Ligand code: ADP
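Quick heads-up: it's one chain on its own, the form predicted alone, in structure tokens.
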């Protein structure tokens, strides 16, 4: 049995170490602010002053914290996250008690402390949505109502919605916010229809200060749900209450959506979120790494950002994969580790019908008989520099990557280095038949293997 006489500071430190080792995926930089307040009746009370963080921990992190507390104390403890008021009657997002078993009318999506305006990386593809969300949070019902955010999967729409919820609750905790998915709205509605509780349903949704619905496109083809949402929307809108919606498509492009709903969705501000550019992807990776106290070299961030251009979710997944690979092999995160962790060509999204940079690199390393690590290194010896320049020239010719993205792939080199390589090989192909022949042979080797569609 371990001693149970640790100070609060020692106990918290040991819990942190245990979580970092056994559950690194849940660890966040703000865990440092969690404070043990004592053990009462076999329950370890952990003080979390921020309500959103407290509720998030209680609903998603209770099991690993309990496991850690039991492991470091040697006692069969339970864990409870408490606020400064130290009561059991905490408040949830919509004002319903968070303790006990929620019924279907109390169902809420959990706000993630990760999704705040402070952690939102603004770029060309999301600047309008971010600015509109900030304006809405400062002037509910008076800035843009409704606010309709749309874009592809994993581009940050949910982040925008949750950031508004969190800043509103921080500034005015008594605000009645209903935040849920469209699927949940429809399921709750149908359950209330079957059980004859439509009065309860309408009382709950039509008395909110802010209604936030994620993935509103799931109203498609649901006639009854569309009818009910139409009346809910009208009631809130006419009362000056804020409505925020997200969708994978613009209002006009949601199939089988009633024209009257399309009209209402368009009457506010419709903001599109596009895929992040290379610079934004690098910034997003830095933000994600800082959030989990992960030290990632700049060349690794550049490599991941250049390799994955699809969406934020895939970027985060790649970062998690690199961290997991490094931990499993007892290695520090570096460029070679990143390359080994995400070597799967399937991670290069949107390039399946044309040569990928990885295919080009494979062809060049085979032709010149050099190591991948040398090609990606900072070495400038002729035996490495020429193959690297050939790679860059071929990547520029056969892929849609920008100069910055190609440079990021090759160890974080800037666009001027890539431009120099492209111009150099272009000139040398004209002046040196051997160089021209070598490039043609390399090009032929990977072009022949490219699938024909």
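The structure displayed is predicted, hence computed values, not measured ones. Positions refer to the first chain, counted from 1.
Form predicted together with the ligand: not shown, discussed below.
- 316 is the sole member of 279, 187, 362, 316 with a non-hydrogen atom lying within 4.5 angstroms of the ligand in the predicted complex.
- Comment: the ligand is not present in this chain, but in the predicted complex one of 306, 169, 121, 212 has a heavy atom within 4.5 Å of it, namely 121.
- Of the candidate stretches 335 to 343, 158 to 166, 367 to 375, 72 to 80, only 158 to 166 contains residues with a heavy atom within 4.5 Å of the ligand in the predicted complex.
- Put simply, residue 152 is close to the ligand in the predicted complex: some heavy atom of it is within 4.5 Å.
- Contact check for residue 284: a heavy atom falls within 4.5 Å of the ligand in the predicted complex.
- Interface membership of residue 288, defined by any non-hydrogen atom within 4.5 Å of the ligand in the predicted complex, is confirmed.
- The closest non-hydrogen atom of residue 115 lies within 4.5 Å of the ligand in the predicted complex.
- Interface residues of 365 to 394, taken as those with a heavy atom within 4.5 Å of the ligand in the predicted complex (partner not displayed), are absent.
- The pair residue 405 and residue 337 is looser in the predicted complex: their Cα-Cα distance rises by no less than 3 Å compared with this form.
- Note on residue 405 and residue 310: their C-alpha atoms are nearer in the predicted complex, a change of at least 3 Å from this conformation.
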